[in-house]
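Next up is one chain by itself, shown in structure tokens, the form predicted alone.
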Amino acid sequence: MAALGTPSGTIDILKKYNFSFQKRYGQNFLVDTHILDKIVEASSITEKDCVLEIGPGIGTMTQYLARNAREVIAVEIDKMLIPILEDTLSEYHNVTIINEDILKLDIGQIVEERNGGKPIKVVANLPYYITTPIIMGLLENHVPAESITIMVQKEVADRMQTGPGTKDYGALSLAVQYYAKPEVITQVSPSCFMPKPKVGSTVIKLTVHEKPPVKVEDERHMFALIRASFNQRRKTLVNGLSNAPGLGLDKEKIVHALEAMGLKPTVRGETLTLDEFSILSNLLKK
């Protein structure tokens, strides 16, 4: 059999198992060895590391990871891929395959059992339809992770690393930058996948902060404010927050907090930095 990270090797294994792509799982398998090398290199995996791979597919990247890591835990939702993975990974005794939805899995418990609670490294070629929930799940649940090296849709990578005042800036930008330092590794063209997606992709590495870059008294409150301010981008921050269900904030209190920060009542949420959102959250909590 040809190597998995090539079009011919991928076709061979798909034919062998008569596999058909599941649209609902957003499956696009990587068939470019240069990109695979870049992902593994960027994730800085050593023989001491325990790696969580989300969406191993037919095991292409899993093979690369298994050669470098102490242990790989590969979580695959599609049960049709499990026999393929058992075949392609049969010679790697440091790989555990879990047939489960990553969003329903207690990753913290897995980290405790497999790595004594010490931070793991996450690597994934994420299906585009579910990218944001997976990233936010890992970050907001404080999964012990040192880094998250992921392939995502280019526009999602743009949103993760942009700053205030741009059209891509939003809740995802602020959340990623609160929890981690984003760094673009490489751009990936649709021709590197089978089947070809309609859009370009980006490999981005999120190096998780030991401590967040801003001090906030109530993380959940700050992110509730952030989400409310971007839910209605065209409204002023005062209107967006006072109309938000669940926050229970009146306009006067918000105006007062903004004035204490030296900001006008007409300011929009998309112009505030992470630091300003943390200050606003702390003021409104009082």
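Throughout, we count residues from 1 along the sequence that is shown. Quick caveat, the model's predicted, so the values are computed rather than measured.
What follows is about the form predicted together with S-adenosylmethionine (SAM), which we do not show.
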I'd like to know whether Asp78 contacts S-adenosylmethionine (SAM) in the model of the complex, with contact meaning heavy atoms within 4.5 angstroms.
yes
Using the partner position in the model of the complex, report whether Gln27 sits within 4.5 Å of S-adenosylmethionine (SAM), counting heavy atoms only.
yes
So in the model of the complex, does any heavy atom of Gly57 sit within 4.5 Å of S-adenosylmethionine (SAM)?
yes
With a cut-off of 4.5 Å between heavy atoms, is Asn125 one of the residues that contacts S-adenosylmethionine (SAM) in the model of the complex?
yes
Work out which of Glu112, Glu86, Glu100, Glu91 lies within 4.5 Å of S-adenosylmethionine (SAM) in the model of the complex, going by heavy atoms.
Glu100
Using a 4.5 Å heavy atom cut-off, which residue among Leu172, Ile130, Val214, Val143 comes into contact with S-adenosylmethionine (SAM) in the model of the complex?
Ile130
Within 4.5 Å, heavy atoms only, one stretch in 248 to 256, 229 to 237, 29 to 37, 214 to 222 touches S-adenosylmethionine (SAM) in the model of the complex. Which?
29 to 37
